[in-house]
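Quick heads-up: it's one chain on its own, the form predicted alone, in structure tokens.
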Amino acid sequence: MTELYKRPDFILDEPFTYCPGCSHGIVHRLLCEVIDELGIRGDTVGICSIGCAVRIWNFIELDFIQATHGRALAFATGAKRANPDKCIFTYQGDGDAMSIGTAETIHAIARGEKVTVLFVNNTYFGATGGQLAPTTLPGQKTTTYPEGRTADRIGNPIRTCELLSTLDSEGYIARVALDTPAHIRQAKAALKKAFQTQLSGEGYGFVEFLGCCPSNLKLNSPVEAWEWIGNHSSKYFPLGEFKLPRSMQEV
């Protein structure tokens, strides 16, 4: 029998504590596959903040630093500058990185810190009860705005990749989705480019993953939550690469 696929052996055999259908598990696996393929497991350190994202160190056998809420990129900046030979990544949700951590995110990218950011956008503050986040879609209902988001009262969602791509620092920025096998393959390819940009010394890597929070969407099944990504989330947040380092640009 030919082995077509193998589980990365540093994914720990632990009970999955995310909600059924949660996108975080997919990103965890893609992260491990990319780290294995690049051969950097022993030189990689992850930084995670408060929120659903903080659970990552329960499932992956890597060195991790837990940051205070929103400060993962501040921690990552210090870790990378003190250890420039290490591969440093942050694992953050949309509420963490683009609400309380907006300043850290924008200024780290503006400075061109040579780190990699995994930014999981499920349009909610998921861990704390489904409150409105900076990426909550127009009309989307949350526990803090059950009538739905309105631009005149709350403002419009932040398109993070588009915002960061206006900064002049060199790096890689992409938005991917986790709703179909084809999109998941594209997500892995983007994540690999993000790490390669750091490893080559060219700059930062930033990948936004459009995921879903089945519990807060209150749909009938995880499948419907995944379909919601394609039918709603990716319509407001278009997929694609927004910035490439020089080595990846066509001559």
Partner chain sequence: MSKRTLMKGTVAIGEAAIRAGCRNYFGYPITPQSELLEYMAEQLPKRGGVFVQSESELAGISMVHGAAATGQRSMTSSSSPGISLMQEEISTIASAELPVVIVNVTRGSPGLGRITPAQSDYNQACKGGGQGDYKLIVLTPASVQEMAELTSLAFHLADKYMTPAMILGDAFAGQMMESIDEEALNPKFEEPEKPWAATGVKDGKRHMVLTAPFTDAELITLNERLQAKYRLIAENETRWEEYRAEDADILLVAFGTPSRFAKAAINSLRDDGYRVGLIRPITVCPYPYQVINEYAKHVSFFLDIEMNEGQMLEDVRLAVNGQCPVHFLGGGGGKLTPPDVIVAHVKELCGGDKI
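Everything numeric here is computed off the predicted structure, so don't read it as measured data. Positions refer to the first chain, counted from 1.
The form predicted in complex with the partner chain exists for this protein as well; it is not shown, and the discussion that follows is about that form.
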Counting only non-hydrogen atoms, the one stretch of 22-30, 187-195, 66-74, 215-223 within 4.5 angstroms of the partner chain in the predicted complex is 66-74
The partner chain in the predicted complex reached by all of 55, 58 and 81, non-hydrogen atom within 4.5 Å:
yes
So, in the predicted complex, is residue 104 in contact with the partner chain at a 4.5 angstroms heavy atom limit?
yes
Contact with the partner chain in the predicted complex for residue 183, defined as at least one heavy atom pair within 4.5 Å: yes or no?
no
Does residue 43 make contact with the partner chain in the predicted complex, using a 4.5 Å heavy atom cut-off?
yes
